[in-house]
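Single chain ahead, by itself, as structure tokens, in the form predicted alone.
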């Protein structure tokens, strides 16, 4: 989801602009998160990267699950949106396996990444996602997807390249970030259609934007709370 097309309805254009502002604020705030600052300043150590993979994995396992739960609460009156949510869940339900592969490729033990508990930020993010997905017709979660997919589309590929170069790793150790850098732009394009459908169905724009703000803060929290379990 980039700058809104003038072909879109005015309400969709306005909501898109508001979501872009939330994304800008979210990504700007990430610069001061310690783990992200290390990546961007060339200070990342191999152990830092392994801890990032471990801390992301537990929440990524839940990602497709909350999307699927949301789809189960979208009725037949929103059939196209339900199908879009289900396709998204299917596309991402094995993403955590890439994190495991990356962890092993950079010297980690598979048992460790599979057994470590969520950090407190990931607990908050996953818990909020599941309760939001359990509401009737949780179409406002399009705002959440915009934040998460937007991050992947904008910075995942560049982070993968920087991490690979800083640590002397192969592509097999940054597969998760490379995958999202390649695939998330298309997911964002699909979300533009989903936003149009959700607003046309009567979902308040304020709920979609508020959902984006909440998820942006909670996603940042999980990065701030690395290893705080």
Partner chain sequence: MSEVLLREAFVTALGRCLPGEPVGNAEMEDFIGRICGKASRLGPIALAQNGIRTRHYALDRDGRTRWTNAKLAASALADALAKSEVSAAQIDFLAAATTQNDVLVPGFASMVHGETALGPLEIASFQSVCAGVMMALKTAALQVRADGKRAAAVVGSEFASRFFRPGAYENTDLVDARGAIPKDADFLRWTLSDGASAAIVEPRPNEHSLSLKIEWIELRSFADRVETCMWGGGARDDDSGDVTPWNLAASAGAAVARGDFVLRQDFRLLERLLPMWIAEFLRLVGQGRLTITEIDWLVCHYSAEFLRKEMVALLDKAGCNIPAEKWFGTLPRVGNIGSAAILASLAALVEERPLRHGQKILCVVPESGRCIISFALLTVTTPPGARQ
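Not measured: the values here are computed from a predicted model. Positions refer to the first chain, counted from 1.
There is another form of the same protein, the form predicted together with the partner chain; it is not shown, and what comes next is about it.
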*Would you mind picking out the stretch of 57-65, 198-206, 169-177, 37-45 that comes within 4.5 angstroms of the partner chain in the predicted bound form, counting non-hydrogen atoms?*
37-45
*Taking heavy atoms only, is residue 32 within 4.5 angstroms of the partner chain in the predicted bound form?*
yes
*Considering only heavy atoms, tell me if residue 93 and the partner chain come within 4.5 Å of each other in the predicted bound form.*
no
_Heavy atom of residue 161 within 4.5 Å of the partner chain in the predicted bound form_ = no
*in the predicted bound form, does residue 210 have a heavy atom within 4.5 Å of the partner chain?*
no
*asked:* If you apply a 4.5 angstroms heavy atom cut-off, which residues in 162-199 are near the partner chain in the predicted bound form?
replied: 189, 192
